[in-house]
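The data below hold one chain only, encoded as structure tokens and taken in the form predicted alone.
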Amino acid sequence: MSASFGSALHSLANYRAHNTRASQEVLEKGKLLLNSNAASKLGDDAWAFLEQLALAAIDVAKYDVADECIRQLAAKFPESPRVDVLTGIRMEATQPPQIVLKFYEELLEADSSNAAIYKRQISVLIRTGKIEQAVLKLSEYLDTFYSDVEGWVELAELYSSCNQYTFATQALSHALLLAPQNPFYVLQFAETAYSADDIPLAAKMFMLAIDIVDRHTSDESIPTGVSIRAWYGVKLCCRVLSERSCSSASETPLPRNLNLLDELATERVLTAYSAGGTDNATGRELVSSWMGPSDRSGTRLHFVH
């Protein structure tokens, strides 16, 4: 095998090891091996190479190359679920959605345990705007694959996209059961509860997100990332609770010492925007105006999901 082939093989293996797509580069190097029939000398590595090249070829619309790779894989592994997924991805590139969905449905009827096919079908439904069907199919998927945390988060996002925030918080509660120490999921739950107008629950979850993050930081650290967004959420909750009475669908009690909590949230947010010197002057000025007396005008701010 020539040095150029060896270099190409090394690069492709490195892309696979680091899960790097690099579709154009994979196609250029992969075609060199495919056209020279060098893949036949790779042993078991040939099949990973053909799958990698097929996906890259689909990405850059070189469907003839993808079809050849899939043909060789199907000949080696007939009725392989993994090859079925690859065939479906290839169909998605050029076939109408209804044909692709029918193909996936037939595969699921034959084997309902194929998680990858479920995910491809759900992605097609979302991409074509069939959100209600996507929710039903994703719920069906999660009945079987309950431990898929990202699946619960995606279900919550689908509900949120339809303004069904109560259902979204229910989906996120499953994600928190599976990953209770993930501050991003806790923060998303808090923001969703805020959008659902369960302000006491939102305040509780914003504080939980802060607590999780602060376990790994010093008491005098400057809030960043999840922490600053959560403190801003606490500030919004305190503002709403001070302006009107709020019931809680989850029967979460109101925070104690609301005024002190409001002052602490204000201090933490302003501290975050006081860092950075003159480079952060504009942001600090805007945040200071939000935190000042004018922020009690009754205007309600919302989180961007």
Partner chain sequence: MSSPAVSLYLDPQIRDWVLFPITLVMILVGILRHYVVLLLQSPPKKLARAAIREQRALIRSQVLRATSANSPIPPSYYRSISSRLAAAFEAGTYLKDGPSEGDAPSTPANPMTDPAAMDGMMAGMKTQMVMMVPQMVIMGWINFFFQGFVLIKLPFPLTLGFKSMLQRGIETPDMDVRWVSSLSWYFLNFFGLNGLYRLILGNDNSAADTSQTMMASPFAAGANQPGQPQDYVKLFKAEKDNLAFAEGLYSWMGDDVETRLLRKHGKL
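Not measured: the values here are computed from a predicted model. Numbering follows the first chain given and starts at 1.
The protein also exists as the form predicted in complex with its partner chain; that form is not presented, and the subsequent description refers to it.
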When its partner chain is placed as it is in the predicted complex, are L177, D214 and L264 each within 4.5 Å of it, taking any non-hydrogen atom of the residue?
yes
Please pick out the stretch from 162-170, 95-103, 68-76, 127-135 that is in contact with its partner chain in the predicted complex, where contact means heavy atoms within 4.5 Å.
162-170
Are any of the heavy atoms in L260 no more than 4.5 Å from a heavy atom of its partner chain in the predicted complex?
yes
Could you confirm whether T144 comes within 4.5 Å of its partner chain in the predicted complex, counting heavy atoms only?
yes
Taking 4.5 angstroms as the cut-off for heavy atoms, does L155 touch its partner chain in the predicted complex?
no
My question is simply whether M205 lines the interface with its partner chain in the predicted complex - judged by any non-hydrogen atom within 4.5 Å.
yes
Name the residue from Y118, Y194, Y185, Y232 that puts a heavy atom within 4.5 Å of its partner chain in the predicted complex.
Y118
Go through 107-131 residue by residue and record those having a heavy atom within 4.5 Å of its partner chain in the predicted complex; state none if no residue qualifies.
D111, S112, S113, Y118
